[in-house]
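In structure tokens, one chain follows: the form predicted on its own.
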């Protein structure tokens, strides 16, 4: 006979959105169940996406720096490098993160339940544990935060041995000599540049003319230049018709619409992600996914079913861990009718490629559509003292202002430290500061933040 429990709130999924949703409810004294199907907490963000890829990136930067110093240090990488060696610290990072989350969940008296969740009704969820035992959880408030999983096109024969998706790419035992990356989005750009920095011959293929098309052209141009300077190949406006492992040739074959065939040792398919609703039986709750495979929500993160909210990757863009955390907290506040300020729409995007990219607000193209006379100021990192000291040759900070050269419309940065530097621009925009704030106040010297001052002076000099 199934055990049946009543909760003030049920949260399904322990990733960034689910964790914050559960903690928020518990902090106001509610009886909360946090359901997670895997043994670990944190979801794809912690175990297959954000943290593992950024750990690999840090080591790729170290390897790249050592290669650049090879003549001085007489350093040479061995021909075969175990991937596990390059993410050797990952286990420590994950263990520390898992321990921190467990302590936080326990400290706030959130009941952690391991098992597979399945909707029975809009207010009841069945949980099946590893032994096959079933319990029924009831609540008037349910938050779905089960994240996303890689989208696999039917013509790409993913086998997780030679052709990988973004969840399985780090399961490779050794670095390949060559890698084809399909896609031009964030995940594709990050892994393509990281593996290229590690010495893998990377070919990046996408149907669009440039990667990261939502960013400013100056940023993507700089990214492509940096990627190709490292030895990578960018193939835009190329449509892939087939990709498979050829056992006779012992190689991955990627076929393009124009008849071109590209051979590589491995392939990564990074063709976007779809919501992870597998096994949830959301139809039992009266829900369905839209044509993009996502769950629709309103401005309050409520689904079409009043008792159910959704947050994080499962509702689609911006699909950032940072935004997911706040969405989870807000979903709970809205469900429990807690007072809540308006969510600021000034969310920075951060792409941890090599070089790093980040932006907030409008790009130059977007700004000129609304304000044709918009003024642009730029500062190249190799023209400021800290950039010269650090040897940063391909960094750029760009600010877009209105026609009067006062109001900041957007900030875009490419180069190391971009995802940290962007927060200066974010705070200025949230505070509705004029561009003059970057000139009237004093930054440390020498720093890359000086680029804000240089770009601001450029804009002020263009005022009429």
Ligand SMILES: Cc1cc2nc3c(=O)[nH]c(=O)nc-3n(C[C@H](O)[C@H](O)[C@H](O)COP(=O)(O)OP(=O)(O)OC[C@H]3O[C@@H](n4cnc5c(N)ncnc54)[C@H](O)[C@@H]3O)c2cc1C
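Numbering follows the first chain given and starts at 1. All of these numbers come straight from a predicted model, not from anything done at the bench.
There is another form of the same protein, the form predicted in complex with this ligand; it is not shown, and what comes next is about it.
- Proximity to this ligand in the predicted complex, defined as a heavy atom within 4.5 Å, singles out one entry of 163, 224, 320, 367, which is 320.
- Only one of 146, 196, 359, 303 lies close to this ligand in the predicted complex, with a heavy atom inside 4.5 Å, and it is 146.
- At a distance threshold of 4.5 angstroms between non-hydrogen atoms, residue 381 is out of contact with this ligand in the predicted complex.
- Residue contact check for residue 232: none of its heavy atoms lie within 4.5 Å of this ligand in the predicted complex.
- Using a 4.5 angstroms threshold between heavy atoms, residue 254 stays clear of this ligand in the predicted complex.
- Interface residue remark: residue 311 is counted as part of the site for this ligand in the predicted complex, having a heavy atom within 4.5 Å.
- The stretch in contact with this ligand in the predicted complex, judged by heavy atoms within 4.5 Å, is 274-282, chosen from 368-376, 288-296, 335-343, 274-282.
- Contact with this ligand in the predicted complex, defined as a heavy atom within 4.5 Å, is made by none of 60, 158 and 179.
- Contact residues in stretch 176-201 (any heavy atom within 4.5 Å of this ligand, taken in the predicted complex) are 187, 190, 191.
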